[in-house]
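Given next, in structure tokens, is a single chain: the form predicted on its own.
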């Protein structure tokens, strides 16, 4: 391995040369107690910044084994190290001057959720730390300014590394608190299934967010307090006894007036599939980690999905056992989203009436009298919600603001009043009983039968032949794979643009290696998730270096992305 002195010599030699001479710096260099690797050098000061990584041997990093042994604590520690390094790097970014992106020092910027990221990896057993970042190599115009890069590599970065990636210099109380929170969150997830719950919301949780563009907790917000009838008490390893609202398996209805917190509660539950950092307010809002938010999605692509559980006998004779469209309606898109979530292995649907197709959710008696049921191809969700729970073990949490018919189906009804919950199941059932004639003449619905899940695809016209597929992220809304755009804006449990980028690489890998006309889409999604689980997200990235801006998505989001890929055939 080269030494840091070798890098200094290279910088002296290439100073004031044309920018492409920076390529000579690529390689790994020993910097005392860590290794600096220049993995990719940008071709131009205005291009995407150079990719650099820092490797610290586990013995030198010194993080305790109880922080690195278990996966959930490793991810939490890595998240904390990225956040710390990012704060240090902010002090030095652009302090080295030049044109374009000169002087940039950037690392992943995590939000409120704790995600497994390519930005920082900790090796189980050894405790080795690998941190990836971007550096803008300085230039005057397009002429190398080696002195400014020397500042970054020999002054700024060493300061950031030593303050962030070595336990002896760390805020030990903070890191211990990070580990303990991760252990407590893991314990709650373990207890959900044991107690027959699909979600838990702790007393004192702060659910409202700062604003529509900020995911930080709202200041002076009303703290959550469980209704006595739904309160459960959990014993956690570090937080001790914690009380909160446990939402049981089955059908739960959330009702209340406008602006009283119904959708806010549902939003917290949909984000509860991820762990949150301390101070977020939702640290102890924990949801079954297979939960999927279901909504209407007009215009989405649907490929070979069996939506016959909800839609049959279309007037154009279109097959709903293997439904295909490039421009789905609200009802067909929501039906497909339900079936695809079942296919992906969900145990919980999260639904908001406001973002649902009305004709998919409910069909009232008057409409049924005017338009005969034989003329209506849609079996509404209300007619299947109990079957989904009783037969398939899939619970539903539904926010309803205007549709009272779901009172008949709900096993629990929660009313939100000024952001506080109250269980009103008995009252709701009593009031619903006064209108029993609404449904008394409705014929019994035959069980739907299990949907067909064996959907097989080939990679498309170009997929398997193209080794140079380009991946382009568009925030959380979409990702382009070889100029085919996959729309993801309504996959609402994607919480970070780095997850979207990772999905792009997964689609590319699947097209090149997995879609063969034999494997079904469930198998492909699970293989991709298994690769990321066992070998890290780098297993699906086959370039010369691993990008520093990837976060691992759940298998449910992998599945959702593949389902929206229009280039599969």
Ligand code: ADP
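Positions refer to the first chain, counted from 1. Fair warning: this is a prediction, and the values are worked out from it, not measured in the lab.
Unshown form predicted together with adenosine-5'-diphosphate; subsequent notes refer to it.
Colleague: Name the single residue among 308, 415, 263, 356 that comes within 4.5 Å of adenosine-5'-diphosphate in the predicted bound form, judging by heavy atoms.
Modeller: Of the listed residues, the single hit is 263.
Colleague: Which pick from 141, 240, 258, 193 sits with a heavy atom within 4.5 Å of adenosine-5'-diphosphate in the predicted bound form?
Modeller: None of the other options qualify; the answer is 258.
Colleague: What stretch, of 271-279, 486-494, 284-292, 217-225, brings heavy atoms to within 4.5 Å of adenosine-5'-diphosphate in the predicted bound form?
Modeller: In the other structure, the partner sits against 217-225.
Colleague: In the predicted bound form, is there a heavy atom of adenosine-5'-diphosphate that lies within 4.5 Å of any heavy atom of residue 186, even though the partner is absent here?
Modeller: No, residue 186 is distant from the partner.
Colleague: Just checking whether residue 457 would be counted as a contact of adenosine-5'-diphosphate in the predicted bound form - the rule being heavy atoms within 4.5 angstroms.
Modeller: So residue 457 does not count as contacting adenosine-5'-diphosphate.
Colleague: May I ask you to state whether residue 208 is within 4.5 Å of adenosine-5'-diphosphate in the predicted bound form, using heavy atom distances?
Modeller: Output for residue 208 is yes: heavy atoms within 4.5 Å of adenosine-5'-diphosphate.
Colleague: Closest heavy atom of residue 419 to adenosine-5'-diphosphate in the predicted bound form, within 4.5 Å or not?
Modeller: Contact with adenosine-5'-diphosphate, yes.
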